[in-house]
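Here's a solo chain for you in structure tokens, the form predicted on its own.
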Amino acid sequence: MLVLGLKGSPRKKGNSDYLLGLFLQEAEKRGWETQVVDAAKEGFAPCIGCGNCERKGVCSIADDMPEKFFALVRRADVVVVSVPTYFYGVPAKIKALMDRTQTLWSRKYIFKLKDPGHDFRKGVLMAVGATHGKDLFDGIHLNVKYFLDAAGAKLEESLCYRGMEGRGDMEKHPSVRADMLSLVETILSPFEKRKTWLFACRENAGRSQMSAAFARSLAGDRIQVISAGSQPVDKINPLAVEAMAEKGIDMAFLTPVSLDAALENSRPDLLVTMGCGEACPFIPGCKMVDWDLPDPAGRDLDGVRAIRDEIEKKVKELLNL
């Protein structure tokens, strides 16, 4: 289970940073993995409105946003945006990050590709502002709501504080800790009731990724689904991404992970293996299933399609669909 925090303040140790830190600390206490993208530190280039993502489904800007943001948001269960108020909006650097999710918006609405985590991924807004105006957070709320929709999440809860002008004001707020505990419980507890399925193959580039994508798409919030490899490679097989896109499922921007990394943050109830051999782990108390599936590496698109269709059947059988 992953909480992705998006840090929007260019100020170090500011009030919105304090809020984000509280949320992540409580998540970690509950056994969640956490990752932070610091928009000001990363300095992603802003959208230039070239329309490449609307024509081709990918951004024309050659930077590391796909690896440092798109890949994380696709893996996350919860996305938390924490920002200060700048002229009734968000700071420039995080606005640049938000604008670049036009790529994800295009894949979703123009290319009609479904991010498998979209149906259950939750979004949270936390914001602070110096003044007490009634409409202080209206613009931020709309901005974050539609950004999260593009990123494949639904804005579930907001926690916003007025009158937070000086450094350290948020820490002195009388109810902030109680507010945060309540928010964390509301957002995280439904995820913690799920069983976990791990799909494992050798490279985590084809079979296990397609299996996880089908399971995540078909099971929704019933199951936590992860995938990993005994010898993970750098990138997913592009033909696997293409074959899954034909089914309307978007595997773009996912990255292979090792079995050790997957097991460090999760304890699966079901392990489905498909070619990791002796490197596949034995997990006490975990049910194990082995699928005899050929490796799609080196095959043409028709070969990958055949493996994809067999995987879809097997996942549906697991889910009793």
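Residue numbers run from 1 along the displayed sequence. From a predicted model like this one, the values you see are computed outputs, not experimental measurements.
In what follows, reference is made to the form predicted together with a small molecule, a form of this protein that is not presented.
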Q: Look up in the model of the complex whether Ile226 has a non-hydrogen atom within 4.5 angstroms of the small molecule, and give yes or no.
A: no
Q. Given that the partner is absent here, does Gly152 sit within 4.5 Å of the small molecule in the model of the complex, heavy atoms only?
A. no
Q.
Against the small molecule in the model of the complex, would Val128 count as a contact residue? Criterion: heavy atoms within 4.5 Å.
A. yes
Q) Are any of the heavy atoms in Thr85 no more than 4.5 Å from a heavy atom of the small molecule in the model of the complex? A) yes
Q | in the model of the complex, segment of 108 to 116, 95 to 103, 130 to 138, 69 to 77 with a heavy atom within 4.5 Å of the small molecule | A | 130 to 138
Q) Do heavy atoms from each of Ser211, Arg305 and Glu310 fall within 4.5 Å of the small molecule in the model of the complex? A) no
Q) Of the residues Glu165, Asp234, Glu185, Glu246, which one places a heavy atom within 4.5 Å of the small molecule in the model of the complex? A) Glu165
